[in-house]
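Take a look at this single chain, the form predicted alone, given in structure tokens.
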Amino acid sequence: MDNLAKHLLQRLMRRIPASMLKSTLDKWGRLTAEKRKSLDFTQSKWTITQELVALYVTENPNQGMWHTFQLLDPEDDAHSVELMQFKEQFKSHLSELKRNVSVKIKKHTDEAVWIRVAWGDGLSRPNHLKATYVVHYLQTPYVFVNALSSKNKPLLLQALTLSTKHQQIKAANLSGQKLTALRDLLMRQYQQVFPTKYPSPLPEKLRIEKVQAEASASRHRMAGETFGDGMLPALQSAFFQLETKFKDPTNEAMTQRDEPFICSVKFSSSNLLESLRHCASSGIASTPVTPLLSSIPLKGRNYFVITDNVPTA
């Protein structure tokens, strides 16, 4: 939900009499009976508006830009952290780092722990309409974050590191608008079917048809070895940045230049991995698939920096 939609919802809520709010939401028909029961209509309309925005985000996670982080160096008892302990520790640590903050934590049916953090600034109260959303699966090293400002980033990451009993946290170099695709790719929750046999082409009378059939079977085999034959996470983009120094013995001035030349390439598609597999199997792209592209599913990343002979994060 973008800012315009949030403000429109806020204006509509102000115009609806408090006594008619429950019946209006019932007639609206966009909330399930369970979701309607979760709303406390004795609260202020401002609070109910916040809850409606939160419900929308959790029910429509494939919007906005999600960034992934990986927890590192777990302590000996990191695997035993339970939900109640995590809630208490996270709220405690974040409150110590920033006083004017509001935190709500809820566990969903898919075991995902959703965290909503509303940040205040100075004397202003926390802004729930511009909250940061965090999704974490306990006992896993991965965290997914939406709408986090650079100012609050170190505070949130420190609180996450301490409350999950880890020593460090780093960017996982994976981002996108579809939370489910990022989760499935990073946590290997999609069906990775790597076939061991492919049907051999039927004998053809003409040599050229036989060669083409064999080439097609080979392309499908190599595409399957890289991406598998099952459904792929709907990753929407991948970024590659090349950093290289100028090399020409006849041009000393450019060769001694300290700053590298930078070239950035972005691949975009409604389902990038499926598109890459189709390009490889159909012959649009050469096979075997280049390691730069095969690293996306193998390493669970979609951001790469390539330097002179040294790929980096």
Partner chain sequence: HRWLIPTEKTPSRPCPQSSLLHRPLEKVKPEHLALLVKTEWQLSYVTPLYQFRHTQLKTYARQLSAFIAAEKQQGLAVEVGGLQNTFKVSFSVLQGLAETNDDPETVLIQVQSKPMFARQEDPPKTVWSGWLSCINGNPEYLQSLPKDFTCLPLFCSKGAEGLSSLVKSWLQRTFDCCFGPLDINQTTLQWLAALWTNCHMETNIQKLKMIWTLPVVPPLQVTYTVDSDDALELWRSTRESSAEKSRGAEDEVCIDFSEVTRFMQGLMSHFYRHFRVDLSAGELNQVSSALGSAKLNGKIKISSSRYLISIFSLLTECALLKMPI
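These numbers come from a predicted model, not from an experiment. Numbering follows the first chain given and starts at 1. Take the two forms, find the largest set of C-alpha atoms that superpose within 1.5 Å, and that set is the rigid core.
Form predicted together with the partner chain: not shown, discussed below.
Enquirer: State yes or no: in the predicted bound form, is some non-hydrogen atom of residue 248 no more than 4.5 angstroms from a non-hydrogen atom of the partner chain?
Expert: Yes, residue 248 lies within 4.5 Å of the partner chain in the predicted bound form.
Enquirer: Residue 62 near the partner chain in the predicted bound form, any heavy atom under 4.5 Å?
Expert: Flag for residue 62 set to no.
Enquirer: Does residue 41 reach the partner chain in the predicted bound form if we count a contact as any heavy atom within 4.5 Å?
Expert: So residue 41 does not count as contacting the partner chain.
Enquirer: In the predicted bound form, does residue 25 come within 4.5 Å of the partner chain, counting heavy atoms only?
Expert: Output for residue 25 is no: heavy atoms all beyond 4.5 Å of the partner chain.
Enquirer: Partner absent here, but in the predicted bound form, which of 66-74, 264-272, 31-39, 53-61 has residues with a heavy atom within 4.5 Å of the partner chain?
Expert: That would be stretch 264-272.
Enquirer: For the stretch 237-258, I need every residue with any heavy atom inside 4.5 Å of the partner chain in the predicted bound form, listed N to C.
Expert: Heavy-atom contacts to the partner chain in the predicted bound form: 240, 242, 244, 245, 246, 247, 248, 251, 253, 254, 257.
Enquirer: Just checking, between this form and the one not shown and with the core aligned, does residue 60 shift 2 Å or more at the CA?
Expert: No, residue 60 moves less than 2 Å.
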